[in-house]
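Below sits a lone chain in structure tokens, taken as the form predicted on its own.
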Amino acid sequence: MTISISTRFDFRLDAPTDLILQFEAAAIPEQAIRSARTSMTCGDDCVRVPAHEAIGERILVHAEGRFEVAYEATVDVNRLAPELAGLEQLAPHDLPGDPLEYLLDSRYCPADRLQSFAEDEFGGTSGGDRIVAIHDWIAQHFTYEPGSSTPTTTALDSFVERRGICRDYAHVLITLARASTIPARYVSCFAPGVEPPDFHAVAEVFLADRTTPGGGAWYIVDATGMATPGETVKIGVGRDAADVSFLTSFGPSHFGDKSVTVTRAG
């Protein structure tokens, strides 16, 4: 599937401030960048570094005043998306090194606090069957409500309030997966069909790979149900939203306008 992306946003900095930006589609095997153009009010004070897991890039910025960003891209997504049901989970001692960190608590995902609930609610399931059960439970019990959460809202807050946006849905699914001893990570992304149009967030879980005996793979799961794996363009991955925010400011900033348009191009 070919996906067309266009986004613009701006913000104002009252004093010289350091920032991290991450908003471009990642160039990785499962998605090929056909074309891309980035325009920023950057001058010589922008440096690119590899992002988490070397998926995508972070742009380090030192700026003052009004800062504008414009980005357009066309991306071919070539991601396999097998059914999760029936996929086995790997015991921690059978996991490769990289997924292990995604079993641990993180800033927005206190998995230890929900272990008892996960076992009580989803006991008798494991692996892909448990992820499907978690996804369906969120779909049945949560309300998608823009403006209902803040940048400090954790998965535990969302679990109690039973509402949120894509960021919150992803955090809850990640937390319940980790509470079930299934590695799970946060994915910032673009996807068509997201309402309201914006940067999107989904989860990835690490389960057995049927094509590789004893091996595992990452599988996209969108708790909101708005995006499908075959149409999702990854920007970056991390333990939770703190690792892959499109804008992280190390000082006061005043956000202005933002627009995101994602369409199917073929």
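Model, not experiment: these values are computed from the prediction. All residue numbers are counted from 1 along the displayed sequence.
Keep in mind the form predicted in complex with a further copy of the same chain is missing from the figure; the text below concerns it.
- Residues with any non-hydrogen atom within 4.5 angstroms of a further copy of the same chain in the predicted bound form fall in just one of 187-195, 97-105, 68-76, 122-130: 97-105.
- Using a 4.5 Å cutoff between non-hydrogen atoms, Y144 does not count as a contact of a further copy of the same chain in the predicted bound form.
- By the criterion of a heavy atom within 4.5 Å, L156 is counted among the residues contacting a further copy of the same chain in the predicted bound form.
- Mapping the unseen interface onto this chain, E161 counts among the residues with a heavy atom inside 4.5 Å of a further copy of the same chain in the predicted bound form.
- Within this chain, F255 is remote from the site of a further copy of the same chain in the predicted bound form, having no heavy atom within 4.5 Å.
- Although a further copy of the same chain is not shown here, in the predicted bound form the stretch 221-236 places no heavy atom of any residue within 4.5 Å of it.
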